[in-house]
Each structure stands twice: as structure tokens, then as C-alpha cells.
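Presented below, as C-alpha cells, is a lone chain in the form predicted alone.
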């Protein structure tokens, strides 16, 4: 490869672009071919440049907002799978950009290592990943008012599938229920209160608590669905617990993802969270069949993650960090911002777009950026 030719272009193209070209082209490429590639790259690079003073924020906002208003508010469902539905469309975009702490449909895509990714034993593995509560292992549960006890009949088939023994269940129930004794009685498990608090009301409360008791699997994953994606099998889950899933030996930790950007930020860092915001927004837009340049979405993702933590585009997130009082007031709760700024004696230097629009002044973008200073005939600067 002609290193001298690459050196010629080092001042015209960023080093990262040159490194990518170096990795992509074969080492025995001719000088004329390499020059042709570099010229085409330079042409593309120059068309991608933004002019000084270009209002990229406004262009980005319009480019996302305009198709966003036409977006249908549909919800995507996995047919025939109970509780497995995914929020899509505008509600999902709002959820991502507001950086919501409790997603309406948290999800994971779990990629697996061989032989599970070929489909061998994937159903059993998926069942072991899913959070199992006691109600799923019960055939029948009833309150015996005469004996002041709760009687439980277990589902042996379900327990065999989840590899849970009767003994393990009893020990879990014993540890979870304080003030109750757990005993075996033939095929039944009998739960009785130890003290005098054996009212019918307390028994029914204990019964409901028993049904929701955690038995096995990964907490937070309420539903699992093994599906074929391309040439391999993956597991789609309802609910997320990225930290625990990534620690599992059978899981391919390099590709397994969650749709919760805050969780990704906490476990994998801010760069991964930025990529998650970008991918999640792009996924929704692509499903809707809209065409939005990825750079507009990248700009939004950068703004959300620039402080080192993921912050939503809300008055508590990105907007709260604006130095301009009027810019903060233009978003939400204007009176609150103006009163607080008045009390603390805050100054607004009118450096940005919104505050100048509000005051009917020239905005500092494009032609409004340069300030012209004129001199009169005597050589003095005009006021």
C-alpha cells in the first residue's frame, strides 16, 4: 500500500477515515485505484461537512419531528404469546427520549453460544431463565378455615421441567413466610400460622403472598420466547435483568442487548448507552418505514449522553442544564424559572437561538453570527 499517497491525504481527511480505508482495501492495491478511492471519499466527506453557523439542532429537530407527527401510534404484538407485546411508534420514541425509568415493555434479546444457538435444549434453557413464581408450580391452593391453614397441591410436571424439588420448595416457603410453619401432609403442603394471628383475613393475605413468591429463574424476566433470527436461535424476553444474564456462561455477552438505556449505562457505560439510544430510535423509525438521516438521531443521542450520564429531553434532564433562563422557561413551567432566576439574580447573556427569538433579536446563526464593525472617515469605530 502506498503510504506516501495516504500521507498526502492526511490533512484533507480525518485519521480515523484513513485508518478505515487502510483496513478495508487489500494491501496489494494499485496506486491509481487507491487514489480513486481516496478522491471519492474526500468528495463524500466534503459534502457531509456542516457550514459554520448552520443551525444543526433546528434541522435535526425538524427532520425527526416532522415524520414523527405522521407516525402511526401502533403497538406491535407477538401473536399467540400472552403478555408479550412491544411498545412501538411515537409512544416508544417519547419513552426513549424522555429517558423513562420504568419502561412500559422492557425487553432483552439474549444471544446464545453453541449448541443452544442451534436450537438444541433452548426451550429448557429459556424456562430456566424465566422468573418462576410459586403460583406456576401449584395445581391447587385453598384456605382451610376449620384448621386455620393453607393447603397447597403441587404440579409435578411443571416442577420437573424447571428442575425444582418438593424439598427445595418447602425450604423457600419456610424462609419467605415469617410466623408460619410449613409441613408436608401426604400429597399436600400445609402452611399454618404459629401465633394467635390466625384470622381468615390473615390467611387469605398469606395465600396471595405465597402465590407471588419467587422460586427460581432470573428476577424481572416475566416472559420468554425462543425465536429464529437468521441462522441462529435467540431468546426474546419480556422484562430485563442485563447484569445477571451477562454473567451466565451459555450467553453470548458481546451481542446480548436490553432496550433499557439507563440499565445499559449502569452496566456497560455511557458509550454503550449512547449507542442504545441511537439504535432504539432508529429501530422504531425503520419499522414505521420513515426515512430520517442517522446524523439527526446521533445529535440527539450525543446531547442526552454528553454529561456522562443518560439524561432525558425533559425539564429535569437536558433542559435543566441550559445556562439561559429564557431557554429553560420556553420549554415548561416558565413562571417557576423566571421567579427563581429573579430571586437568585441570574443573568441571561442571550447567546443561543430561543432567547433571541423571544426578544425579537437577530439569532446567532448563519448570517447573524458575524458582527460587523464600521469605521467612519476619521478612522473612529462607529457606535
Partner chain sequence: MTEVYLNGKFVGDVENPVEFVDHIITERRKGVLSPNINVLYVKENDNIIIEAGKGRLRRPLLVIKEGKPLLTEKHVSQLEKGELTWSDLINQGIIEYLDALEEENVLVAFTEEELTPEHTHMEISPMVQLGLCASLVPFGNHNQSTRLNAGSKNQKQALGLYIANYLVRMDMDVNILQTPQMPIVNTIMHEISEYDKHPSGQNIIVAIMSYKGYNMEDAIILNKGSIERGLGRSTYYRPSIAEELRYSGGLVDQISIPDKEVKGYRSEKDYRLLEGDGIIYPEAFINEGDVLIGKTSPPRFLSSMDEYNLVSNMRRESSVTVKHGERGYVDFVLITENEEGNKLVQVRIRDQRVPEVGDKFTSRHGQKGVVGLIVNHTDMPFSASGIVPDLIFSPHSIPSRMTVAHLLELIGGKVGALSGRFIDGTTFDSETEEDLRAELLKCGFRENGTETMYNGMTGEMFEAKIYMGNMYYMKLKHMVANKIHSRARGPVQLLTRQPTEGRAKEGGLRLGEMEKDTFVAHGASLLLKERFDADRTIVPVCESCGLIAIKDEFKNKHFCPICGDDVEVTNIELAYAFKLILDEFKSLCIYPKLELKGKY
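Positions refer to the first chain, counted from 1. Source: prediction; values computed, not measured.
One more form of this protein, predicted in complex with its partner chain, exists but is not displayed; see below.
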Can you work out whether its partner chain is within 4.5 angstroms of a heavy atom in all three of 107, 270 and 275 in the predicted complex? no
Looking at the partner-bound form in the predicted complex, is residue 326 within 4.5 Å of its partner chain by any heavy atom? yes
Taking the shortest heavy atom distance, is residue 18 within 4.5 Å of its partner chain in the predicted complex? no
Is residue 27 close enough to touch its partner chain in the predicted complex, meaning at least one heavy atom pair within 4.5 Å? no
Could you confirm whether residue 365 comes within 4.5 Å of its partner chain in the predicted complex, counting heavy atoms only? yes
For the stretch 46-67, I need every residue with any heavy atom inside 4.5 Å of its partner chain in the predicted complex, listed N to C. 54, 55, 58, 59, 62
